[in-house]
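Take a look at this single chain, the form predicted alone, given in structure tokens.
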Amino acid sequence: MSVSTVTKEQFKSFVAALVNSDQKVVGVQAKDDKFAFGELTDADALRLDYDVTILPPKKYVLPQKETLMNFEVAGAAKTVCPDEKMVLLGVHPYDMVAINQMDELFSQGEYDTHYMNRRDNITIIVCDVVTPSENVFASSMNTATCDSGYDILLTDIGDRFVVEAATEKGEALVKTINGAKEAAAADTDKRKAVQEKNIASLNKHTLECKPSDLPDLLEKAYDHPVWEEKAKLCYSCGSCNQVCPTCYCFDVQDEVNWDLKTGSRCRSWDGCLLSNFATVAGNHNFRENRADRFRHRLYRKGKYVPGKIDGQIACVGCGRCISACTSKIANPVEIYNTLMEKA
């Protein structure tokens, strides 16, 4: 595919044209002193210099709540499949890695048509990080940059962007940017410098081992006292789950309408820190103890998911869980480093 450069004014004109097109455009915008993904109605509102968004962009591939099918009570049922086209603009590399993981997980075994249809209809534009967030540790997790999953990759090199089209969808969009020029060697060198800086510096919390060491570390740590110590301060609020870009657990419920004749089957985000997450029929809770739930979150990230998808760690170092936890106990790096002290 192609690598081009565009001025920031040319890129802004491109975004304005996208906003005025017939497809939905979602981008990062300021929300008081924070940032959030939302539908763009004005190119001026787009912020590519943001540190981190409140919620990850996974909410557009796996919505917080979605209807899977509509039904008639004791009658017919019809699947609801998403078909909306969307451009998702401004995804950071670590969030792209998280979406790549979910792509793999939702296409395994029982292929999830709802997720995959939505994913196929989204064109993703990734941007290299300009402003590190206060709790990012992507460098420790090898996710400060990414090389797959996106359709377009943007890198801010000062007065302009380097624009890499990685797919046919991306190439088609880049061709609509008036004034785009083939990138010179000096431009790609500047992009390389930005990415090398991020690989080294997006690390407010340093993991004292390689991510690939985590499954073996956790294998020996099931009865470590850290789980009980941290759980004493845990509210079981699930905030760490809800802001995590790699958490994909959901609950499914049937909702019958007031007419008692029709209804919908919906799924919504769930989280393993919530007290009833592991409750099953008969009101038996497999993880009633908070320490068990707290441990499960860290095992899921560092051991269980890697066992499902080729050793990939289900933590991309975005730092959202650290910021969201009011008890200040959710930092995965702190916990994994503690386990190493007595390993």
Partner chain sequence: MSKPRVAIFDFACCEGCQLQIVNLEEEILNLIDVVDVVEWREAMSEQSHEYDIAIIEGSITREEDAKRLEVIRSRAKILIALGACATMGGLNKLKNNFDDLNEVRECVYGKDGQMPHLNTFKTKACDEVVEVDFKIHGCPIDAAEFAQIIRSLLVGKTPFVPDYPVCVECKANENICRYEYDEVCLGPIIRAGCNAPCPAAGRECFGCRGLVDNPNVEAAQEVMDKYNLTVDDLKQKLVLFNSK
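Predicted model, so just to flag it, every value in this text is computed and none were measured. Numbering follows the first chain given and starts at 1.
Missing here is the form predicted together with its partner chain; even so, the following discussion is about that form.
Option touching its partner chain, based on a heavy atom within 4.5 Å in the predicted complex, out of 212, 257, 167, 188
That would be 257.
Can you work out which of 198, 123, 239, 101 has a heavy atom no more than 4.5 Å from its partner chain in the predicted complex?
For this set of options, the contacting one is 239.
Is residue 323 close to its partner chain in the predicted complex, meaning a heavy atom pair under 4.5 Å apart or at it?
Yes, residue 323 sits close enough to its partner chain in the predicted complex that at least one of its heavy atoms falls within 4.5 Å.
In the predicted complex, does residue 274 have a heavy atom within 4.5 Å of its partner chain?
Within the cut-off, so yes.
Counting only non-hydrogen atoms and a 4.5 angstroms cut-off, does residue 243 reach its partner chain in the predicted complex?
Yes, residue 243 lies within 4.5 Å of its partner chain in the predicted complex.
Residue 224: touches its partner chain in the predicted complex, heavy atom cutoff 4.5 angstroms:
Although its partner chain is absent here, residue 224 would stay clear of it in the predicted complex, with no heavy atoms inside 4.5 Å.
Per-stretch contact check against its partner chain in the predicted complex, the hit in 246-254, 137-145, 213-221, 92-100 (non-hydrogen atom, 4.5 angstroms)
Of the stretches listed, the one contacting the partner is 246-254.
Using a 4.5 Å cut-off on heavy atoms, what residues in 207-242 are near its partner chain in the predicted complex?
Those in contact are 231, 232, 233, 234, 235, 236, 237, 239, 242.
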